[in-house]
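Next up: just one chain, as structure tokens, the form predicted alone.
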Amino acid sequence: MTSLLHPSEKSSAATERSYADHARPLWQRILITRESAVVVALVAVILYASATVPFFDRPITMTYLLLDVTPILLIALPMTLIIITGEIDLSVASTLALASVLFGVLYDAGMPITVAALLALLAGLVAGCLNGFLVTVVGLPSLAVTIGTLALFRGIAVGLLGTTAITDFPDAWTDWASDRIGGGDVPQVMIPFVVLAIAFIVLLHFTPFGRGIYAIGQNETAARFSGVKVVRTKMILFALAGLVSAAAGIYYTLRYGSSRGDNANGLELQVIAAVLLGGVSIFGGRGALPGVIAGVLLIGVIASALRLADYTADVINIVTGLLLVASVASPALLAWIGRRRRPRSAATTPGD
């Protein structure tokens, strides 16, 4: 069949991009993104704090900054994948506390510390599976489910230890949580984090499983009809969140040398703020792990600079809350500005 299009028109149609995000050149798609903006903001805050905040530019500051944000970095990895599917897990900090308490109680009861750590990880995995079961099989909203398990896991943790704390852990384990690579400035806990981050990045960005996560976030019904195993995918993600939160709980216990029921109280706010600040949409379907890692570091740098400038924890919480609100509101605000500008641009096109 002879084409009715002129050769020049066929050429134009062939080069025309039908997907809006691919209408821009490659360099713009890489550099002009929400993730790049977070990286630029991170560099700007580091430079500003180094110039204005006393002692911020010392290597020891960066060492303690990395040690402090490690639990957030760890938990942000599975949390990113969960939020991209359009779900959320508010119980991660309580799971961390539960694993921390179990780890301490079992070790204090005479169990070998390795076995105690493994059982704490198992408890985190079970907690994550419970969330996944209630969300995917029972069909309850993840927001309501994880608010309930937030209180449940925290209550169990506080109930097991009360107001007491277990602090007598082997020096070899507590030293490992704070030691540095080769005596330098980078904590050696960054090694397992980097390994885990690479695994999550490959899982999300380079596998069919990761493409299924984005598909679920875009349209769960369409993803199900396309062959994506929605229930299995979400169950795996909630289980991973529980397991990684438990690992963060063991690290938290060794880092501060204390197993307590109120460990990491409110940490879920910082994790979610960092994930959203890193460019992940709260409505699902969008986001990338490199931006999230930059978001965690940005919040950590701001908190560290404020502490060195003698601001209280309340001020740090206010700043974190403002960043969370800005992260959620900014995409909607930019979309509204785009809609306001689009008719005006269309009206001026014929006269150009």
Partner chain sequence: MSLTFTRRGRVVPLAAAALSLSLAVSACGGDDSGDGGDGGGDGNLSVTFLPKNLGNPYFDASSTGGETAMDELGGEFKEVGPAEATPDSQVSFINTLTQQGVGAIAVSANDPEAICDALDEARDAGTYVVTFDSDTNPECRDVFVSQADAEGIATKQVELIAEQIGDEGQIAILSASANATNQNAWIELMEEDLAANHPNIELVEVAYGDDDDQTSFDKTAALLQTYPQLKGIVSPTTVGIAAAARYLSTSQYKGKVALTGLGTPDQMREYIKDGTVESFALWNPEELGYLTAYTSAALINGDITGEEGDTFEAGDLGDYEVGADGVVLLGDPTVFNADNIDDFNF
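Given the structure is predicted, the values throughout are model-derived calculations rather than measurements. In this text, rigid core is short for the largest set of C-alphas that superpose within 1.5 Å between two forms. Positions refer to the first chain, counted from 1.
One more form of this protein exists, namely the form predicted in complex with the partner chain; it is left out here, but the text below deals with it.
- Between 303 to 311, 318 to 326, 289 to 297, 42 to 50, the stretch whose residues reach within 4.5 angstroms of the partner chain in the predicted bound form through a non-hydrogen atom is 303 to 311.
- None of the heavy atoms of residue 234 is located within 4.5 Å of the partner chain in the predicted bound form.
- At a distance threshold of 4.5 angstroms between non-hydrogen atoms, residue 252 is in contact with the partner chain in the predicted bound form.
- At the 4.5 Å threshold, heavy atoms of residue 210 stay clear of the partner chain in the predicted bound form, well away from it.
- The closest heavy atom approach of residue 203 to the partner chain in the predicted bound form falls outside 4.5 Å.
- Among 167, 114, 226, 188, the residue placing a heavy atom within 4.5 Å of the partner chain in the predicted bound form is 167.
- Of the residues 136, 218, 281, 178, just one reaches the partner chain in the predicted bound form with a heavy atom at 4.5 Å or closer; this is 178.
- Applying a 4.5 Å heavy atom cutoff to the partner chain in the predicted bound form picks out 55, 58, 60, 61, 64, 68 from 48 to 86, in order along the sequence.
- The rigid-core alignment places the CA of residue 42 less than 2 Å apart between the shown form and the other one.
- Once both forms are fitted on their core, a CA shift of 2 Å or more is seen for residue 311 between the shown form and the other one.
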